[in-house]
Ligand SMILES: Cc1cc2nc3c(=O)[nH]c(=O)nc-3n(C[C@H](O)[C@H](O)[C@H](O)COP(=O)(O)OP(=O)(O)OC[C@H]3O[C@@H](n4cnc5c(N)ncnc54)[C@H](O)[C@@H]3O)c2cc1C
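A single chain, nothing else alongside it, follows as structure tokens in the form predicted alone.
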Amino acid sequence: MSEQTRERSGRRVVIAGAGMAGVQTAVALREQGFDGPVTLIGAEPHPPYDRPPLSKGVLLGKGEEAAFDVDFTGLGIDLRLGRRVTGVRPADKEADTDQGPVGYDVLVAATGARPVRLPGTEDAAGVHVLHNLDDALRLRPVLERGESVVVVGAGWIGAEFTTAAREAGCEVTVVEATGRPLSGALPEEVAVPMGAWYAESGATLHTGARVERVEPGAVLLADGRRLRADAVVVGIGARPDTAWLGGAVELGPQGEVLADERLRASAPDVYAVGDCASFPSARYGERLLIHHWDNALQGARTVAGSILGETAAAPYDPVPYFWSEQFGRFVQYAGHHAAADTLLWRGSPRDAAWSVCWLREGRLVALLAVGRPRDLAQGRRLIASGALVDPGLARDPGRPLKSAVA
């Protein structure tokens, strides 16, 4: 343990949020030598759990929640569940909760994101989101009964839920306001072929369709169409859960904490990690807000190091990564393609497995792999290294992805 770490170990660390980002921050603090008080506050009453199984095993009743394998007591982590953080007073070094204030020397915001609700349906019966364990448990009987479901939104969550619902034998209709699925995530030429997956699964996909209102047993579209729906599942995005921070720290346009390269917020001794924070990426030359599991895991280690004063470590600038299982396909994405100047295919979307590469000035900056995990692994390393690639060779799905420089 360094002298700097010893000096900082007596401070009280309070972590708001007991999801992946919060739990891993607490664990990383212990792994990196912090022996001071750590309090982990979670809004849900359930022991902290992993979220990816919610849209898979938990939803289909094939498995229970995947509680984190963490011995909180053995690590000396004060776990306080069923308690929501409602505010913070940096001048007083106190976080307010619905069960009273909690004093801190260091505060970590790890409260994740809240799902966006369909206007006018916040309290409507039969209208669901799929964000936490209770959401999955409420939806499980819908699938068990094989009810007809209208899914609003053809993004990642919409696709994963549709996959599970079709596996359960539900009649599924998906309504997407834009002209294609994954419109906020992928360009048209990549996303449009993926729309065919819905029909292959037996689901009906309506694009360019807006919901006018939800009625008992039906969804009415703006063009007058009426869709039968025993249940409605809304998957139209999420926003950082940061309202509790008020004006204590600087927030971005989506309400995210504007963290720096060490994931420090604008207020002294306040940090932010996971879905509720954006950070400046030197790799991509812009600020990134990433709502994915891997970001929460990696960011936690940086926050722990920052709290312990390990400023010599590299700034936080990961290669973003996520994966999704949908319609019998394993889909992986690494990088960030917004500023790419070249898109090239490895294989065809008509194939069982294919990939798409995005290049900028000859360097791989992002990759989408469908059923080609080796492409993803190779591409992720190339993105991290900033290596040049040969576009001609990269187009050949029979060749490995590798640097153009020997």
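All figures in this text were calculated on a predicted structure; none of them were measured in a lab. When you see a residue number, it is the position in the sequence shown, counting from 1.
Quick note: we don't show the form predicted together with the ligand, though the next part is all about it.
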Want to guess which of 182 to 190, 106 to 114, 138 to 146, 168 to 176 is within 4.5 Å of the ligand in the predicted complex, heavy atoms only?
106 to 114
Complete contact of L118, R239 and E256 with the ligand in the predicted complex (any heavy atom, 4.5 Å):
no
Residue contact check: R301 to the ligand in the predicted complex, 4.5 Å heavy atom:
no
Using the partner position in the predicted complex, report whether H206 sits within 4.5 Å of the ligand, counting heavy atoms only.
no
Can I41 be called a contact residue for the ligand in the predicted complex at 4.5 Å between heavy atoms?
yes
Do M20 and the ligand share at least one heavy atom pair within 4.5 Å in the predicted complex?
yes
Note which of F327, F72, Y284, W323 lies within 4.5 Å of the ligand in the predicted complex, where distance is taken over heavy atoms; exactly one does.
W323
Answer key, the ligand contact in the predicted complex at 4.5 Å (heavy atoms) among P52, G57, G347, G371: the residue is P52
Heavy atom within 4.5 Å of the ligand in the predicted complex: which residues of 123 to 150 qualify?
L130, H131
